[in-house]
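Next comes just one chain, in structure tokens: the form predicted on its own.
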């Protein structure tokens, strides 16, 4: 009899645990629904306004920034044109999108290769993107700017200065505190020259150019490194008021694709270059899986998050890197489940946040973790948002007011929502 009572009690505890889990799940879904109540899919917009509507909810691979006055700016690609729109109510309503390139061009719009946008304190709106020139992974690094508050944009121009019909792709754009505008990209000019000598050249190279007048003019192209991976986004973060640090996927020993880090100056000097991750990912292919990086609290230290399928590490990882010691610390496995990927980091008010994409077998899950001690420890991962339809990479945008999620899904359209701080417990 005691055994029966014990079994009944165990069954009741399991039932209560399941009921509690279901209740939490239902509450989470309800909160997500409330949070996205004003979201609007492209399909719904097209039904209301016609199939030819130009909208941030219908465009490809949107990227966002928030200017010094709190205005949200978003750029996206639609129908072979780059567009810019803005919102003064944190994404509830948007201005009529302005076309940047009058002549259509095959601008890239995917998770790793999207248009970039920066707004200077002067009000100048600065844009970069990659335009494909063939189906064989060739392209040009393009740039345009607006000096009238986004009402009109300059004729786009090509920033790579080699004049070659080869690969120039995966651009990244960053404006320093002093006003130096850095534009980095993956470049195959050195591969072309090496192959012409009948020599092997694994991968591509990293190049950059700098503008010190908000994009009116640019420097010559500077090489950062030979033998980079050919197809992963480059992460950028400030180094002092003038320079930047960059993190990218590099090829080691001809076959290993881990990450390298370096500091770039406006005069073309490259320093502190070293290997930042040691995963030993042996792959002769393009992972299409770039890293994320933001400044840590200590000078010359950076938070990094990345994906690997290496012999040492598999999944999403976090570490804090010190330029002075060329060493990483606080390495943790974030998520090693199948389908996890594309992490993004941001900081605000001494809280470090990380989001990434997961998959539960049916739905894409946006996962969220937080650290209140500069990456030494982290909260448990929590489900942040869910969708059972197609979606872009999640991106975190750090602003003076807080951290915001920038994410496009077929189900909800473009989402720009605050990732609120929580109390330390």
Partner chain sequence: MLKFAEHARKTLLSVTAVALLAVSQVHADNIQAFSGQSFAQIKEDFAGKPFVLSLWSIDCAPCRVELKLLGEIKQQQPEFPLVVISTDLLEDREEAVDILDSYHLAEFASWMFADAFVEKLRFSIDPLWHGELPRSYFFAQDHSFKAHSGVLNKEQLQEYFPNWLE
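Given the structure is predicted, the values throughout are model-derived calculations rather than measurements. Numbering follows the first chain given and starts at 1.
If you look for the form predicted together with the partner chain, you will not find it shown, but the lines that follow are about it.
Which residue among 96, 135, 93, 122 has a heavy atom within 4.5 angstroms of the partner chain in the predicted bound form?
The residue in contact is 135.
So which of 364, 55, 65, 371 gets a non-hydrogen atom within 4.5 Å of the partner chain in the predicted bound form?
The residue from 364, 55, 65, 371 that makes the contact is 364.
Given a 4.5 Å cut-off on heavy atoms, tell me which of 211-219, 343-351, 144-152, 168-176 is the interface stretch with the partner chain in the predicted bound form.
Of the options given, it is 168-176.
Any of the heavy atoms of residue 47 lying within 4.5 Å of the partner chain in the predicted bound form?
No, residue 47 sits far enough from the partner chain in the predicted bound form that none of its heavy atoms falls within 4.5 Å.
Check whether residue 285 has any heavy atom within 4.5 Å of a heavy atom of the partner chain in the predicted bound form, and answer yes or no.
Contact with the partner chain, yes.
Using the partner position in the predicted bound form, report whether residue 400 sits within 4.5 Å of the partner chain, counting heavy atoms only.
Result no; residue 400 lies far from the partner chain in the predicted bound form.
Answer with yes or no whether residue 309 is in contact with the partner chain in the predicted bound form, where contact means some heavy atom within 4.5 Å.
Yes.
Does the partner chain, in the predicted bound form, lie within 4.5 angstroms of each residue among 289, 339 and 390, using heavy atoms as the measure?
The answer is yes: all three residues contact the partner (heavy atom, 4.5 Å cut-off).
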